[in-house]
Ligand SMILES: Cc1cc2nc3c(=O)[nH]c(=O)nc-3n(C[C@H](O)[C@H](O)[C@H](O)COP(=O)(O)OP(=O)(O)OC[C@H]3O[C@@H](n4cnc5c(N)ncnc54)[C@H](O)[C@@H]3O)c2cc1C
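Have a look below at one chain only, the form predicted on its own, in structure tokens format.
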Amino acid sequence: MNVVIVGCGAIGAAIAYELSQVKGLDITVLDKQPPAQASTKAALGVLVGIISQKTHGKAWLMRQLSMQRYETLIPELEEITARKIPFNRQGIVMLLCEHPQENNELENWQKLVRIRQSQGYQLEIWDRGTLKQNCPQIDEKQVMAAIYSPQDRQVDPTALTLALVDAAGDRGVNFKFGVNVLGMSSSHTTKNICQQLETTAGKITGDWFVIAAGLGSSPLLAQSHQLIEIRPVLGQAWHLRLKQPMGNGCFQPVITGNDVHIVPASGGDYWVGATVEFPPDCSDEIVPDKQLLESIKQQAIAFCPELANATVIRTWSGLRPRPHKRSAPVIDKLPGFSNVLLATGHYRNGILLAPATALVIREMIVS
């Protein structure tokens, strides 16, 4: 059985790798760019799973499935590929910047702690003293309390995706880069079956087609007369460098507050981001807001004053795919087709949900 995957960011690569473990599948992955570009290249890789406010339903189950899979996936990929995948197992510290007694916020966190305990996970509520002891780099005057999630993670999105591609390639997946998909052709006898893709490399036939192209999904869906619109949301971030790690060098969790992430990279390097910038109405063009980018850095410095002395290595940006007028992500059959699956529109959770998305798509194909 032939499976064709369109898109080779983290989502498409994860799907290819999971499907490569199924006997009898001939898998081809198409992308107009090299792997790990677009939104994957721009992501920070913060896996907000246990500390998220999602506690039930599909949104939580997808997070839970991904977090469980990541614990086996990273060592699995490292063994197969001999690649080192930066994977921060020291958790996430979420800073509460307003008094947690207001609006019952502390009570809500205590409730989440109990829910997570019942689910087999750990969350801790830290007062200022505990926070200062564990993370002395944080200016506790900026913070009222903190939530520590030791079982949440952060992964390097590019390293992850390249390892997925290598591992899938070792198992026989055929990757074709520099190929544009121009359209889909239905069977002459059965209109709800896609027979082949029209591409710049010729016609490519398949039994199953998976659209995992992020923002690139929209043109294909439009050609199929489907009203599933994926719109861009810009994110900008910083790569900063200090001479040595902040605070306790042996404890370098992701620090997040006011939707600003401070992500330890290597040595004294930190990623700081990211902005959330929507396009103007009726436009997909987004002009990066330099002031908003600067405000992200200043917020990070307010939390961790040492960052004021950091050298700017680079700034970068990327577009996240956000479904318009429907929840993210879109993981389903394409309406009107029995053999075309959508795995797109993950918005800000593409890296987090890549393993779960791959497992869901695998189940849809092999069940």
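Residue indices: 1-based, along the sequence shown. Please read all numbers here as calculations on a predicted model, not as lab measurements.
Beyond the structure shown, there is the form predicted together with this ligand, which is absent from this document and is the topic of what follows.
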Within 4.5 Å of this ligand in the predicted bound form, heavy atom basis, the matching stretch of 127 to 135, 163 to 171, 245 to 253, 211 to 219 is 211 to 219
My question is simply whether V340 lines the interface with this ligand in the predicted bound form - judged by any non-hydrogen atom within 4.5 Å.
no
Give a yes/no on whether A10 approaches this ligand to within 4.5 Å in the predicted bound form, heavy atoms considered.
yes
4.5 angstroms heavy atom contact with this ligand in the predicted bound form for Q33:
yes
A274: touches this ligand in the predicted bound form, heavy atom cutoff 4.5 angstroms:
yes
Checking T315, S52, Q37, T28 against this ligand in the predicted bound form, the residue with a non-hydrogen atom inside 4.5 angstroms turns out to be Q37
Using heavy atoms only and a 4.5 Å cut-off, determine which of L240, L73, M94, V181 is in contact with this ligand in the predicted bound form.
V181
Looking at this ligand in the predicted bound form, which residues in 344 to 360 have at least one heavy atom within 4.5 Å of it?
H346, Y347, R348, N349, G350, I351, L352
